[in-house]
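Only one chain is shown below, in structure tokens, and it's the form predicted alone.
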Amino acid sequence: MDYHNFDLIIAGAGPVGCILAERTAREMGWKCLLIEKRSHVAGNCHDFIHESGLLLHHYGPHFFRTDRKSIVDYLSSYTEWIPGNYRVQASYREELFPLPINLTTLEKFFRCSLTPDSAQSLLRAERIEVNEPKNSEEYVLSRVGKKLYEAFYLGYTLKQWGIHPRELLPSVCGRLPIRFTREDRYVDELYQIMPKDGYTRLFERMLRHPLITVLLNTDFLKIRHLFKTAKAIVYTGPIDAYFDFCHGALSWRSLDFEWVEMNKPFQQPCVSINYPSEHDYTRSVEIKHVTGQKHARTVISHEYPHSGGDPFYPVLTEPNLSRYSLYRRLGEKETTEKAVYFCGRLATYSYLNMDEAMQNALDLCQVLKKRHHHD
């Protein structure tokens, strides 16, 4: 392959990389080379056909949701949609509770009948006064008190992150809302939908363009010295790896998956059940609830978090953010001097929802158009 014959080099064929390739090829007429370390496109959104015949999410459930109509309209060029049945429950003392915490959760946990007003009064009595919470433990205690914190947050966080909630930033455990209604959907966004044929098909269609070349099973960092003539490079991998860990390694959490096939149409009442205290895994996922498949059998995935392996989630602690700030400054210098751009969750060491990552990619496309279109 002639590596000098491309306008844009993109490291990583996840949603960010695919959108960048599609937009710059179609809008700017750039020849794009998309390089992916794994054997497939779509990144952690990748889904596959299991031996049972079921379409499964390879790297955990991915719930597409957004308030951005523009993103839905854009993606609709490459997929039809089905409703996203995103409902999650938590297991506590062998009972299932709606998650995020809502009025039903509170009634079942405290064994009483509640109205929205009385539920708010109950939580006000349970809360521990914390002015300006400095970590996830203080944040949750200040919202729901010790009983709910220990039932639904503490054990799950210890398993998921491998450290105590008091070491994590408030935002980590602050992502879930507290509701005083009976709304039991996992998220609140206006659009809660799922690609009808799966995420992988969506992104494969996106990449069907004569100006886009996809190179799988290839580590960009091992061949980056070959790309001297491209107008720009976009890197979507872990930023510490790009700079050879010169400021030390950032902390990431990864996941292992155990797949269990069952001879029944459904095993669970919803797509995901969290286990804060039971089992070594954090949750069991039955993706059939959101893919809409009709099948006599089902498959459950159990998720086991650990350090090492493919990076999934940044561990947002003060020391890690301080280290990342050093890498961010190196990245800014690399952008100015070498037209290397850093985009996506791994490259910006941030926890981004899918639509946020996609919007970042679309925004970067506009930057590339402004800076390099006439190079």
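If you're wondering where the values come from, they're calculated on a predicted model, not measured in any experiment. The first residue of the sequence shown is number 1, and the count goes up from there.
Although not depicted, the form predicted in complex with a small molecule is the subject of the following passage.
**OP:** Tell me, please, which stretch of 68-76, 119-127, 103-111, 151-159 lies within 4.5 angstroms of the small molecule in the predicted complex when heavy atoms are compared?
**Re:** Correct option: 151-159.
**OP:** Would you kindly say which of H209, K222, R175, H295 lies with a heavy atom within 4.5 Å of the small molecule in the predicted complex?
**Re:** None of the other options qualify; the answer is R175.
Subject >> Residue (of S301, T291, T200, N274) lying close to the small molecule in the predicted complex, criterion heavy atoms within 4.5 Å >> reply: Selected residue: N274.
Subject >> Contact test, all of Y186, Y313 and Y351, partner the small molecule in the predicted complex, heavy atom 4.5 Å >> reply: Per the other structure, all of Y186, Y313 and Y351 touch the small molecule.
**OP:** Examine V285 and determine whether its closest non-hydrogen atom to the small molecule in the predicted complex is within 4.5 angstroms.
**Re:** Judged by the heavy-atom cut-off of 4.5 Å, V285 is well away from the small molecule in the predicted complex.
**OP:** Verify the contact flag for L99: yes if a non-hydrogen atom of it lies within 4.5 Å of a non-hydrogen atom of the small molecule in the predicted complex, no if not.
**Re:** L99 belongs to the contact set for the small molecule.
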